[in-house]
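Read the single chain below, which is given as structure tokens and is the form predicted alone.
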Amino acid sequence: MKLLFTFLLSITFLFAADATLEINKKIDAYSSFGVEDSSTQRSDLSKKFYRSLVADINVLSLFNVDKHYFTSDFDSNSINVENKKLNYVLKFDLISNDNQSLLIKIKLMELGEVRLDKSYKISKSKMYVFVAHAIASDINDHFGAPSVDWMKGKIILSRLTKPGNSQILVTDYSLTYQHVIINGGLNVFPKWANKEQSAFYFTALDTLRPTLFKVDVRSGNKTKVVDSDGMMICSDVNSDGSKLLLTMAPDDQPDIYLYDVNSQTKERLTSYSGIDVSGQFMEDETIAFVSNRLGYPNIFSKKIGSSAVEQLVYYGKSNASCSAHNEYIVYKARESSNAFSRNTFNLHLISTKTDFIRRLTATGLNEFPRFSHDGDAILFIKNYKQQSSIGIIRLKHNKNFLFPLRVGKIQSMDW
């Protein structure tokens, strides 16, 4: 059991680096887009806000974004002469108040005409990046593109700081904002409890038995949910937050359990002499999970209430992690086996309704994939050449965006 926990706890070393971008689709035909800092009092904060906006507009994957920093007068509808050639220019005025609140005004310009004019307020200036995400989402909606509401949400992650010690942080998808919400002890596998992100679950490993707790984000109140000998992990929460999929091993045999939040009862869903872990909700009362039934980790599914188990993945070895959205499964597969160097683990996307299979990454160690709630994007961790990053895959645009993990070692995450 210690070996199994070691396997589940093993994830990336983190190093500081600039955010990078992998593009697998031509963008020459995209409209050009620039951002101008039109703040009356320009500062380090307005420059940081500019960089966040540029990064977010880039992630939208709708435009060819110019990354040169230019300034202009917000009250004037004229733009910097260097941006005259661009199709669109976004001007922003960032106003910082003494009470640390921010007012941000924007104008989206097209050929000298204002196409979008809006203001945003936030009470804490340190959370400025969420305003940038909201602006990018509104621009996306303005052009009628599919929703990117996941941009405005928060990520929760466990960061190992030293042996036997971890922190649970709330952050944005680009890791620009970071807030430590639980510090001290070995607390791992955080999972949002609902779509509103008002509460989350996590596993405490420094208690007498592995214990699942629920934490209210606003109050900080922590409530014990359930404990078990051997193992206790919440791997997924259903859409309305009423059901959990737990991995438990009360008899040293890890299996998947369904936990009813309202009745506080649990039902064993798998019973196998080997390893069944990491359950994920799918459509039609079906779950996907990882099992070593073939002698190596692979992805299987079963209907709740049925004993029949179906193999989902026929490509790759050591398929040790997965995430599900409707009929789609994203999973990690080992694509090399070299005893003298690092192996390659890539992410693949499959459909349970067709023979469709698509490789999403190409190099390095790519792991811990997580679908956004709308299925538009996938969050993952990438390790390559001594650099670790959080990755975002825009599935419809065939683009991968990478953001660096600067401090500590990420154990697991959810969004």
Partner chain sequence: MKKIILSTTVLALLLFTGCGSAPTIDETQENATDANAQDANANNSETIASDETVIDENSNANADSNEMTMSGLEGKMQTVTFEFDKFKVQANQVEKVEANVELAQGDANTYMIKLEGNCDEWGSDEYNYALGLKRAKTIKQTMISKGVNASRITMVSYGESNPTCTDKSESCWSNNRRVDFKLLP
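Numbering follows the first chain given and starts at 1. Bear in mind that the values here come from a model prediction, so they are computed numbers and not experimental data.
Keep in mind the form predicted together with the partner chain is missing from the figure; the text below concerns it.
Three-residue candidate spot 121, 170 and 235; every residue lies within 4.5 angstroms of the partner chain in the predicted complex by at least one non-hydrogen atom. 219 is the sole member of 219, 307, 76, 147 with a non-hydrogen atom within 4.5 Å of the partner chain in the predicted complex. Just one of 177, 257, 328, 300 comes within 4.5 Å of the partner chain in the predicted complex, counting any heavy atom, and that one is 177. Using a 4.5 Å cutoff between non-hydrogen atoms, residue 210 counts as a contact of the partner chain in the predicted complex. At the 4.5 Å threshold, heavy atoms of residue 37 stay clear of the partner chain in the predicted complex, well away from it.
Contact check for residue 365: a heavy atom falls within 4.5 Å of the partner chain in the predicted complex. Although the partner is absent here, residue 113 sits far enough away that none of its heavy atoms falls within 4.5 Å of the partner chain in the predicted complex. Heavy atoms within 4.5 Å of the partner chain in the predicted complex map, among the stretches 223-231, 307-315, 89-97, 76-84, onto 223-231 alone. Contacts of stretch 255-291 with the partner chain in the predicted complex, defined by any heavy atom lying within 4.5 Å, are made by 273, 274, 275, 277, 278, 290, listed in sequence order.
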